[in-house]
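Consider the single chain below, provided in structure tokens and representing the form predicted on its own.
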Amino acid sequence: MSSQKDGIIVILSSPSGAGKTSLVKLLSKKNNFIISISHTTRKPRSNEIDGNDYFFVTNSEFEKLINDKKFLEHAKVFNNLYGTSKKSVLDSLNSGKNVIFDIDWQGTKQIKSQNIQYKIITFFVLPPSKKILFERLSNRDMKDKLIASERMKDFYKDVKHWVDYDFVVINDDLDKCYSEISKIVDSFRFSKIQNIKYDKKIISQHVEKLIN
């Protein structure tokens, strides 16, 4: 059972390349905020450190964690498995830490369906345009633009889940987008969220431009 002293859960989701990981890192610099570190079967990128960016595990290790019911959520993304340790998150929340999640819509749905007794606020992050999204994907540590093209296909599936989130933001300027999210999170922490809304019609029109 949660109390006023417990931390809150902040979830950021987006199609790959929309910039949510950069936003998560900025949010983690706020006082008493930490990033939930996921387990994954994905191979680490050149700049990633085990235990800092992810806990890199084998498929068999991951399956054992699933069978032992150690995950708060888990999902398959781009043929790799990702999951969040239930104990580490609940321990952090109980100690008053606010936990930030960088997960997709599948993981978000699982966490919300568990009805855990902690405050949860969810954000879906959109890119400013299809062109900029493709450029971001192409500039990653990838073999070639073919992989970016494949991820664009998943983008069309993932972006449709924006309707399931509390707030939707367009990441056309990183600092501006972070400021917007930060203000909403602070309002949510102190139960002053009622007057903060976003224009769903504008977001819907933006999504239409992204997928057409």
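Position 1 is the first residue in the sequence shown; the rest follow in order. Note that the structure is predicted; figures quoted are calculated from it, not measured.
Note that the form predicted together with a small molecule isn't included here; everything after this is about it.
Taken together, the three residues Asn98, Tyr118 and Asp166 lack any non-hydrogen atom within 4.5 angstroms of the small molecule in the predicted complex.
Contact check for Phe123: every heavy atom lies farther than 4.5 Å from the small molecule in the predicted complex. The closest non-hydrogen atom of Arg42 lies within 4.5 Å of the small molecule in the predicted complex. Contact check for Gly83: a non-hydrogen atom falls within 4.5 Å of the small molecule in the predicted complex. None of the heavy atoms of Asn171 is located within 4.5 Å of the small molecule in the predicted complex.
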